[in-house]
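Next comes just one chain, in C-alpha cells: the form predicted on its own.
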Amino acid sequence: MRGCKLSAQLQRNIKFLKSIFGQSSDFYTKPMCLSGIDCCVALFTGISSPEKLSVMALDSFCRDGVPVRSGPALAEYLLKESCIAAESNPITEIDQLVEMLCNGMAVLLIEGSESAVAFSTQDMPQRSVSTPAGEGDIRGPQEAFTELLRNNVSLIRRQFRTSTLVAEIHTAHTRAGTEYCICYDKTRAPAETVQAVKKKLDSIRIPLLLDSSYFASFLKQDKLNLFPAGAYTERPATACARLCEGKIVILVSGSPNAMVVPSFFAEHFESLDDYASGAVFSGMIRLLRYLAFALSVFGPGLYVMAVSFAPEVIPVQLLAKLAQAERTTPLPPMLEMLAVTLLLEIVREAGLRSPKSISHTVSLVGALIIGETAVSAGIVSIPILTMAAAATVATLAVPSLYEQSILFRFFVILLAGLFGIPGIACGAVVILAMACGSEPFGFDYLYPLMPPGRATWQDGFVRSIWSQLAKKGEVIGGDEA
C-alpha cells in the first residue's frame, strides 16, 4: 500500500477504503455532489466531528458555491483559492489518506482528481488538564500533561512563548503508527545532540509505543547501566525549564509523561519548589534528598554489615538491645533484611496495583502482618523492621530513582551480608562506576556534581540565590550569553 497513488476514479477510491475499513462501525462515508461534481466525504466518527465539517466546509459550499466544473479544478480551488480551512497539502497517496483518517481528519474524495483534500475536524474524547499526580510540588504552575499530543505541545507553547521553540511531530515505526513530538530550543540545544536524538528515534522499530519511557532502553549507550537514560515529568513548567537549559523534550501521543534528554544525576534531586523557596532552605532540603538516597541504598546494608562483621562500631547499650532482638529470630541478619525488604515491596506493589476500593485494606493488612504478627512471633526483629521501613520511606523522597534505589539496596545487602566492609565498599564502587561511566549523548552524567567546581555549589548539591543564578544560566551546549 505504501507508495500507491490515489485513483482519479471516485468509486475505485471508495471501494478501496471500504475494503480496508468497511467492517468498522465507526467508518463513515457520505456521497455528495458539489457544483455538479461527484464527491465523497470519509471520516471516523468519534475522533472526527461531522458537525465541524458541516460548519467549516459544507455550509460554505452550499452558501457561496464553487466556481469550477472539473475534479482537478475543484481540488486546486479548495487547496489554494478558497477561504475554507482545508489542509494546505493535497493527499496523493493511499498511505497518506489512511494516516489522515486515523488522525481524526475528514477527507474529501473528488471524481476525476488524483488528489484528495483533508479538513481538520478532530474531535477526540480527552481528559481535561488537571493537577500533577506524581510530582508533589506545592508552588509553581499546577497543570499536568494529558494524553493528547497536540494539547501537550500547546501547554508547552503557552509557557515557552518564543520563536526559538521547535516542535517536530513524527510517526513512530510501530504497528499502531503512534505519533511522537521532539521539542527543543533551536538556539540552546546543541545541533549535534538534536540530530543524534532524531536519528536514534527514527531507527527504533517496536510493535507498540504507549509511553515515552519505551524509548529509554534504545537511548542508552550502556545497556547494563541501571541509571535512567532520561528524566520524566508530567509538568509543562518543568519541561519548559529543561528546554531553557538546552535539553530535548520527547512527548508521545497517549502518554501524559514527557521524557527529557540528556538527563543528569543531579536533576532527580531538584524540584520546582527549590526555586520558589529561599536559597538556604532549598539547599538544606536538597541535601536531605541526597542523604535520603544514600540511606535508601546503603542503610540496610550498613546495618547488616555492622551487626554481622563489625559490632564494635555500635555503642554498647545499643548493641545489647540489638543482640537481644536478634537472639529470638531464626534467620541471620542478611536473610532477615532481604525478606523484610522484599515483603515491603510486595505490600507496596499490591497496594499500587489493586483497585482503589481495596488498596487501603491491602496496606492495612500488610502493616498488621509485618508490624505486629511477625514481630510478636519472633520471625522479624524490631531493629530490622525499623531500618527496612526507614529505607523505604527514604526512597520516596527521590521518587524518580525508586527503581534504581530498590535494585541497589538488594545488591548492597547481599554484598554486606557476604563480605562485610569490603562488600559495602565494592557496592559503592560499582554504583559510582555506573554513574561515572554514563555519558548521555556525550555529556557527563554527574554534571554539575563532579568534578567539584563553581557549578556544584551554584545549582548542584545546593542552590545559589536568584541574583547569582540569573547572571549565568545553565545551558548544556554552552553558557548563556
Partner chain sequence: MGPFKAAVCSITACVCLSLTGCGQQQTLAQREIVRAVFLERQKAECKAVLLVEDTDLPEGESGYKTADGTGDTFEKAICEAELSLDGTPFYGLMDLVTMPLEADWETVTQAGQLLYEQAQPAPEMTLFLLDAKDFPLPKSAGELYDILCAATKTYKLHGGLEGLFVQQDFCALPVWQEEGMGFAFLRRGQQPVRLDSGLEAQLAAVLCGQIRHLESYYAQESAYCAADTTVQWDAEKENINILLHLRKTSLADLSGQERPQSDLESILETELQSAFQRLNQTAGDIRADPFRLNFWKTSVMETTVQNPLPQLIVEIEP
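Since this is a predicted model, take the numbers as computed values, not measurements. Residue numbers count along the first chain shown, from 1.
The following text describes the form predicted in complex with the partner chain, which does not appear among the structures shown.
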query: is_contact(residue 28, the partner chain) in the predicted bound form, heavy atom dist at most 4.5 Å; finding: no
query: In the predicted bound form, residue 307 touching the partner chain (heavy atom, 4.5 Å); finding: yes
query: Residue 407: touches the partner chain in the predicted bound form, heavy atom cutoff 4.5 angstroms; finding: no
query: is_contact(residue 418, the partner chain) in the predicted bound form, heavy atom dist at most 4.5 Å; finding: yes
query: One stretch from 318-326, 208-216, 150-158, 170-178 that, in the predicted bound form, holds residues within 4.5 Å of the partner chain by heavy atom; finding: 318-326
query: Among the candidates 104, 112, 134, 311, the residue which, in the predicted bound form, approaches the partner chain to within 4.5 Å (heavy atoms); finding: 311
